[in-house]
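First, one chain by itself: the form predicted on its own, in structure tokens.
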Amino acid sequence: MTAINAADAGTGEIPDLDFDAIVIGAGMSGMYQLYRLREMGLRVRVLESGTQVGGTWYWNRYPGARFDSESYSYGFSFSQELLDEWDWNEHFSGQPEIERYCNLVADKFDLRRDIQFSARVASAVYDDDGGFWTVSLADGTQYRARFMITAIGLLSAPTMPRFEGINDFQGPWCHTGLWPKEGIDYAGKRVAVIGTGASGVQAIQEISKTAGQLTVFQRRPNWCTPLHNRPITKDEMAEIRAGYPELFQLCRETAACFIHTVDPRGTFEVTEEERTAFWEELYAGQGFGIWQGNFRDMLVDREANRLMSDFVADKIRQRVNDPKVADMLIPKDHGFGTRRVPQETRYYEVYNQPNVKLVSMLEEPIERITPTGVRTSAQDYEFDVIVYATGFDAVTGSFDRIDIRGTGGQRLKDKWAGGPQTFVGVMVDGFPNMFMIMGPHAALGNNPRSIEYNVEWVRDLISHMTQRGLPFTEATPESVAEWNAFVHQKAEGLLSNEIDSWMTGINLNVEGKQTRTVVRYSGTAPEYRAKCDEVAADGYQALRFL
């Protein structure tokens, strides 16, 4: 099993393949896919650009990074031994604990021996004649394998704003998604945080505690609700552990695999007093309950959504002392829950601190980054540290950063130029033996629950092929078109699909992503799994085997 140097490629000779399968990424998807494929006896190599496992939880080590799913609902469910061994310390654990968990998984199942770290994939090209994938690293090393599986994540391609002079700033600066391992010393410093999405909200809460002066540049606010995190006692953990079977079963039954489920009542089926009491209970509750456990019509009925938005707006006004600042923090361009809802711990109270200033980039746009700070249309600001919490090129961005070419040399980026089209979010026509874990149009939500399902579906398909001596498979154009139509159908009527967000393919910092597209599956996870199970039960007739 030897790596092929780039200089040796193109000789016309097809050497023995290096591996049966190459997996790109060693986050939770990649680790679990490795575990399941190796269990089948396949030769697998995982290629990871970082120096350790963890994916999202390796790269996003900014201050305040933590779960917004309950910790115990997020971990792997496949190993009873792992469930028995690991204790979660908080209901919503922070990045250091999550990274420790990922490393325990890698050590416990001896995964590292098949993972190559510091291996950034530059391209993956399908060989029509040989029927294999050639995966090339940034350093020119190449590997060849029969199967190529992407485990590269939905939010793993950080994007910087398109400001002039970004490289001119003389002090420390970074993107939250690329936070340095050694950290950044911001205590007592003049700090700018640009962006108030989920990462920005978490970072702002933490940085504000010790920064000498924190200036937050906000393009548009988000609806944020309390996380209500707290430690987990030993007795609580014992109770959680005893209830794991029921907990994971609940996650299988809910719409987005969280422990919260949509209330069957409509907003106007209860009295105003009952409605307000219900919302107060949700606001005082933990995590995504207020988003995922709200009235069933909250995300489709405009008036229901307006009332809910007004309720949360009133909470913001109650928590922020300055009415003008409170108004700046209340979204005007989207209703509650139509974008992902950042979870917070005293986020709004940060703006009551004398060391914190909020700047609206709509009223005072940033013109450029200077050697000493930020220049807006109104003034020059001087900073010691700049933090860019400007999000990710979501869903397809991590694919776009790899030159993926299928049959006939067709580029995946070109194929998806008008928006992604897949079969069950796992396969693409014209790209044989390529599988995506959590690809576009797969079920999202509490992602590890869907990761486990996707990984096992891919494993079962490869097992089906192996048992029958079928070397290659791909989705047909017809099956992709049918799935695409189903995904678009499930998107109809949702208020979220009328809003600019990463969930509708919008990223103002990425060329060509200024038009809304359907980049996510909007149906329920149980419905998604039922469709995928039907494909398998039908002997995979929706696919073509070569």
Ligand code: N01
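The model shown is predicted, which means the values in this text are computed figures rather than measured ones. Note that residue numbering follows the sequence shown and begins at 1.
This next part talks about the form predicted together with the named molecule, which is not shown.
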Which one, 198, 307, 262, 106, lies within 4.5 Å of the named molecule in the model of the complex by heavy atoms? 198
Consider the chain as shown here, without its partner, and state which of 350, 389, 240, 137 has a heavy atom within 4.5 Å of the named molecule in the model of the complex. 389
Contact stretch among 315-323, 404-412, 216-224, 143-151 - heavy atom within 4.5 Å of the named molecule in the model of the complex: 216-224
Quick one: is residue 125 in contact with the named molecule in the model of the complex, heavy atoms, 4.5 Å cut-off? no
Is residue 396 a contact residue for the named molecule in the model of the complex, using a 4.5 Å heavy atom cut-off? no
Taking heavy atoms and a 4.5 Å cut-off, does residue 433 contact the named molecule in the model of the complex? no
Does any part of residue 163 reach within 4.5 Å of the named molecule in the model of the complex? Heavy atoms only, please. yes
Partner contacts in the model of the complex for 42-77 (non-hydrogen atom within 4.5 angstroms of the named molecule): 57, 62, 66, 67, 68
